[in-house]
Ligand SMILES: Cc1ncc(COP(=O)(O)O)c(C=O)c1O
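In structure tokens, one chain follows: the form predicted on its own.
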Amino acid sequence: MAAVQVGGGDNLNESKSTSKISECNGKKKTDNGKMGGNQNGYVNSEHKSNGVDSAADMEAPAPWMDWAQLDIFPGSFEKCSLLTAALTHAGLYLLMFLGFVNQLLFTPKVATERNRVGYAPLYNPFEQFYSRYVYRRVRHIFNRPICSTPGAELTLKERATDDYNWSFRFTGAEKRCINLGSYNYLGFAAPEGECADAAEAAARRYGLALASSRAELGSTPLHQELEETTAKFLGVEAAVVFGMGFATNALGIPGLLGAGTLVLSDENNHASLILGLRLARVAVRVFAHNDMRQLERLARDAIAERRWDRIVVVVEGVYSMEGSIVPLPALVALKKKYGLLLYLDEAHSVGAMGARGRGVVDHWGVAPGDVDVLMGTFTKSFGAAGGYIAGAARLVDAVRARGHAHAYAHAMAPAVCAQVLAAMRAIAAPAGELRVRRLRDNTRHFRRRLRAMGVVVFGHEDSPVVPMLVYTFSKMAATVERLTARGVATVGVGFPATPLNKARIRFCLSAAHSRAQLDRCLDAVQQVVDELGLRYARAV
């Protein structure tokens, strides 16, 4: 991938000062997640332009993008009716009111802070209240232990509570369910087969862990082979791998970004991206989800300020709570027009999207070299753990030298390396492309049947993450309970992972699912929809 020069500034691939963390210049710092271009810790920088070379250019700015010529469809995001919104809010307020009454009348079964005079509280008061009196009511549907491989089916370890979800005990019973909750997109999370055999052989040769970071004694020939194979798989010059997917963003971004950088971040970006940007102490402005028009406005405003060395757009390929896909061709056109840089998180898309399983880059037919930083994880489509950052060789060298993960984090386990390598080779083979096709067919079939039921389904038709809106916490819990009773294991998602009034059931599909298994699940969903009244869609 060729280095991309930003007018008047440096590139992410440059090595002179991008990792330097400077002091904030007096602006008040706010959190990433605010709309309308709010600032998040501006850093000192020289007054340089991004793609604008003279005052004359400022007086005659480039014409706006013609978005009618590009595909910027964000996916299906039907808004609920006013009545549904009002009832959802009323239910939440009632739940909180009952929580306050409970707090006044009964002593909570939790430890209390002592000897804290003169110190800041350990916990935010609202978070304390929310976890005790709202989350606790639905706590039984979260953190459910399993006692099997998370394949097309899994085994749940059943629990019971005698004190209204303050604590749980195992009943000794187990329940076999069809698995619609795990990120096993291509079905490589299996107890047997080529991937399991490769992982076993690596564990016998190298052991289960290396007891060191990559920069010290934590590298084996497997790590080098995995990095070379990943770069070839993605079609870029080089890649570096890490032992934890979340840490790939959280510890990798501070090594790439620093003084003089402005980040334009999608409002639905993952917590790992947000943490990485905070640790890098860069300025952040947020645009509405997949809104290319607002992103263009923010980019033009930033260029007009003539203060940024580089402007970086940070997005995801597939968004795990919305099931939406980034409109990458439109974003690449915007990047080229304004001289921006692009950081693409393919955690949920690499392996699962595109005819060859190379992610949204493959799905949209975009050249890998048009994305400056390709990030992804091995925890979803590869049935393993860890992540990677890939791109130009100079960029990868900079991540190794200045990112925290390579020097300080524990190296990826050899068995995990072998699992990923086996899965990556399988995807590149004709049989692997059949898996990718089967996943796409399963996804479209499942989404089509859900929409026919009259439920609200978010996202793109090819996204294997399928959110079904239930809106209220009570219906989220009731849906998970009833699906589990019918032999379907899935995940309910609510605040703080989603807005308070947009609780949902998140189905994750797999190439390992047979059509008969999916139809059984859909029949169970149909029964629950009828029982709980989940037909919120206004147009079927």
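Residue indices: 1-based, along the sequence shown. It should be emphasised that the depicted structure is a prediction, and the values quoted were computed from it without experimental measurement.
Separately, the form predicted together with this ligand exists; it is not shown, and the next lines address it.
Participant: Is Ala190 close to this ligand in the predicted bound form, meaning a heavy atom pair under 4.5 Å apart or at it?
Facilitator: Contact check for Ala190: no, nothing within 4.5 Å of this ligand in the predicted bound form.
Participant: Consider Ser265 of the chain shown here, and say whether it contacts this ligand in the predicted bound form, taking contact as heavy atoms within 4.5 Å.
Facilitator: It does not: once this ligand is placed as it appears in the predicted bound form, Ser265 has no heavy atom within 4.5 Å of it.
Participant: Are any of the heavy atoms in Met244 no more than 4.5 Å from a heavy atom of this ligand in the predicted bound form?
Facilitator: Yes, Met244 is a contact residue.
Participant: Hey, in the predicted bound form, is Glu316 touching this ligand, heavy atoms inside 4.5 Å?
Facilitator: Contact with this ligand, yes.
Participant: Is it the case in the predicted bound form that Ser272, Ala347 and Lys380 each bring at least one heavy atom within 4.5 Å of this ligand?
Facilitator: Verified in the predicted bound form; spot residues all in contact, yes.
Participant: Out of 214 to 222, 246 to 254, 87 to 95, 126 to 134, where are the residues with a heavy atom within 4.5 Å of this ligand in the predicted bound form?
Facilitator: After filtering at 4.5 Å, what remains is 246 to 254.
Participant: Find the only residue in Thr261, Thr230, Ser320, Ser182 having a heavy atom within 4.5 Å of this ligand in the predicted bound form.
Facilitator: Spelling it out, the residue with a heavy atom inside the cut-off is Ser320.
Participant: Only one of Gly386, Gly459, Gly354, Pro414 has a non-hydrogen atom within 4.5 angstroms of this ligand in the predicted bound form; which is it?
Facilitator: When this ligand is considered in the predicted bound form, the option within 4.5 Å is Gly386.
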